[in-house]
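Okay, here we've got a single chain as structure tokens, the form predicted on its own, with questions on binding and movement later.
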């Protein structure tokens, strides 16, 4: 039997990273990195890494010598990125460029996780991978800059723009559905927007796409969105039905009333047909995905 290839997943305390790290175990000799959040039952395949330490990053990759790196680690909260712009740039852009460069030197395939928020939401129909980016917030802009830098650093790469993800995380508060359910359990209502359109994707399907891209030679940008375009409010009502809480705790609102920064974007729905056709995948629709999370009695 041939030896398993080595896979390094960065950011395994996050929603996608945690699920990827476990989904890959059967196929790969899998390593994972984390930073500030400790990993329970960690072994020598789980490594603490500060992405701002360039030398530490390079030495770790050289020591593991992975065949593939899937880079999920990032500062992902848009409001935090607005407050700490330089830190967000260093983590999301500069560290990504450095990691891509090291992967090129090591001969590893580099799969980078980006976001649907690189678009401005004005197209009026689902975005395709070749559509022009126009991010409206600093978080999304750091991801845009990372995307633009990757082809200059490495030739064997895939950029995966992931839509709004839902699923179960290590900490129980990283998925969009988890945050809503946790708020409702604390006896609070949740305001979700009737004019904010997304293509939510079950984290298991996002994992299938990322792992599927380890098996192909395709280079470029790929979308990982779900099969349905839906408003955040309508998604919240579907979640209430599946999770068994009162739909009246989901309060309709409008992005025009949102007072935070950056502004909410009206429609960053993704067309993922290029990805699913290439990989031969059939993704869960929303009802099927929620049923996997909340199977009922």
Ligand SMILES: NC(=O)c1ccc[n+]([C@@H]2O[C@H](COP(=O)([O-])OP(=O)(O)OC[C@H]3O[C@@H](n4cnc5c(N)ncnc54)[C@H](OP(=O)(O)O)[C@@H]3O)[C@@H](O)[C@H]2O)c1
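Just so we're clear, the structure is a prediction, and the values are computed from it rather than from any experiment. Residue numbers count along the first chain shown, from 1.
Another form exists, predicted together with this ligand; not displayed. Remarks below refer to it.
Within 4.5 Å of this ligand in the predicted bound form, a heavy atom is found for none of 69, 97 and 151. The partner is not drawn, yet in the predicted bound form one stretch among 61-69, 260-268, 247-255, 35-43 has residues with heavy atoms inside 4.5 Å of this ligand: 35-43. Using a 4.5 Å cutoff between non-hydrogen atoms, residue 113 counts as a contact of this ligand in the predicted bound form.
This ligand is not shown here, but in the predicted bound form it comes within 4.5 Å of a heavy atom of residue 51. Though the partner is left out of this view, residue 11 does reach within 4.5 Å of this ligand in the predicted bound form, counting heavy atoms only. Using a 4.5 Å cutoff between non-hydrogen atoms, residue 162 counts as a contact of this ligand in the predicted bound form.
A heavy atom within 4.5 Å of this ligand in the predicted bound form is found for exactly one of 103, 202, 213, 73: 73.
Note on the partner interface in the predicted bound form: the residue among 139, 157, 119, 193 having a heavy atom within 4.5 angstroms of this ligand is 139. The partner is not shown here, but in the predicted bound form the stretch 83-97 reaches within 4.5 angstroms of this ligand through a heavy atom at 91 alone.
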